[in-house]
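For reference, the chain that follows is the form predicted on its own, supplied as structure tokens.
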Amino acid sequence: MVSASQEHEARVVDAAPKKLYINGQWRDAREGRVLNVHDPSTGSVLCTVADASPEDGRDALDAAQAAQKDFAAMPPRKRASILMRAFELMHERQDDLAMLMTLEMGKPLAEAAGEVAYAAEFFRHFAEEATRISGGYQTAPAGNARFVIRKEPVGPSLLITPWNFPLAMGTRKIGPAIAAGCTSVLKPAELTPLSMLALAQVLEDAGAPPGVVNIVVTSTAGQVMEPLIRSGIARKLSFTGSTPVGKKLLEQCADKVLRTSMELGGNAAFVVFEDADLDKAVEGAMLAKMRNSGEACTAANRMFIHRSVMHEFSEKLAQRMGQLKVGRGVDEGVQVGPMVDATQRDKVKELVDDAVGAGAKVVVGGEAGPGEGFFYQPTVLRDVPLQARMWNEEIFGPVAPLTPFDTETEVVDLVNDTEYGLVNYVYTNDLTRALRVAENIESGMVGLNQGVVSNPAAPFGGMKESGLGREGGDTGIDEFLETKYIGIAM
């Protein structure tokens, strides 16, 4: 007998768009290619979707170019209304969007529903920003001219999103692009294309004109996207993903001097001083570490705990981690889903084994989960040596590595001892120290006594090799705007 949940799963997958979305039309790939989308909780194939060729990619960019002039001239209020209607539709379809996300990515349904709401908020935020784009007028210092400052859309934009937040990373880019008056070609991750195709349907239903947003799913990202980057038509690239891929894309963008936004890798530290409220610190650690089962660039990757509270903190954290229910994200009560694929699960295992081999102690977990899916047990490691690989490589999994420290100076040096600088977290009840440490830490974001920093109204981005530019906040729309100065003789 088929359960109600199984019926919901089947209905959602069956209804999900599976073709390319180009110039307002749903179409097959030119060469008829398809790729499989898998359920990471079972390893089975969910469905197949169109797999774009380089020619499909060029069709999408041509559509964006053709739509650019009229869309840039559309009144800001009308662009805002498209985003607001999309915001409303995402909430109306929240259950189905969450189910689709869970099936293709693995995260628990409750967390997927939270991402739908979070993703929708980017549309509302940038709907409000669309009508606030402003320039300026001033007198030249010599008095013999006037300066008119105008903000204009950058133009056709290429957007590349990762698999771990398949909706939110899309709306965080599409929202400001639409608000600014830019058309776009978006390439979602091969592992999780269904959520973005469903979002294309939302935008179509919200009134986005043909060619404004084009979605190209492909298993050959380099072959499809590099010609678009080098085409001379695209004027902007926004990428979220790994630092090595980001560097390669930056080299390609240099050919035509494209505007770039890069949200790249992270190696976040989570620092707990001796005066911190340990219960709040544990709660923050659960958020910073276990959001998205640890598959997040903002996840706490290096956890530095003052030696005097190490034992108490590690025991409390291990108790919480050990109580988490692991399983298929659609099942009731599940709090930790599978890793996205076997490669990711095996990497987590490899990093844990390396740390244990170097002397780390397993407090809880430390092994892969049971079943056919790509599961790994929530894990706490204590006294992880600094030479362990996981201090320099993103774990991207449910593993909390703890290392003791003794002084503020020591821990700030440890936090900054990385090429990354996306986000760091600090727990202390000493306000002066909190501000001093936050100012001395080299990262684009700092969470003081909080384990989550992501917010559509705040500028998200990193320093050093964690990226360029900012997404969200009142600065996110500037990434899609050019500043034009018009001099007027008097």
Ligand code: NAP
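The model shown is predicted, which means the values in this text are computed figures rather than measured ones. Sequential numbering from 1, following the sequence displayed.
Just so it is clear, the following notes concern the form predicted together with the named molecule, a form of the same protein that is not shown.
Residues within 4.5 angstroms of the named molecule in the predicted complex, judged by any non-hydrogen atom, belong to 233-241 and to none of the other stretches in 233-241, 311-319, 402-410, 81-89. In the predicted complex, K187 approaches the named molecule with a heavy atom inside 4.5 Å. Heavy atoms of E263 reach within 4.5 Å of the named molecule in the predicted complex, making it an interface residue. For the chain shown alone, N164 is a contact residue for the named molecule in the predicted complex, at least one non-hydrogen atom being within 4.5 angstroms. C297 belongs to the set of residues with a heavy atom inside 4.5 Å of the named molecule in the predicted complex.
Checked against the named molecule in the predicted complex, the residues E394, D383, E121, D96 give one hit for a heavy atom within 4.5 Å, which is E394. Shown without its partner, this chain lists M339, M390, M196, I160 as candidates; in the predicted complex, only I160 has a non-hydrogen atom within 4.5 angstroms of the named molecule. Applying a 4.5 Å heavy atom cutoff to the named molecule in the predicted complex picks out T218, A221, G222, M225 from 202-237, in order along the sequence.
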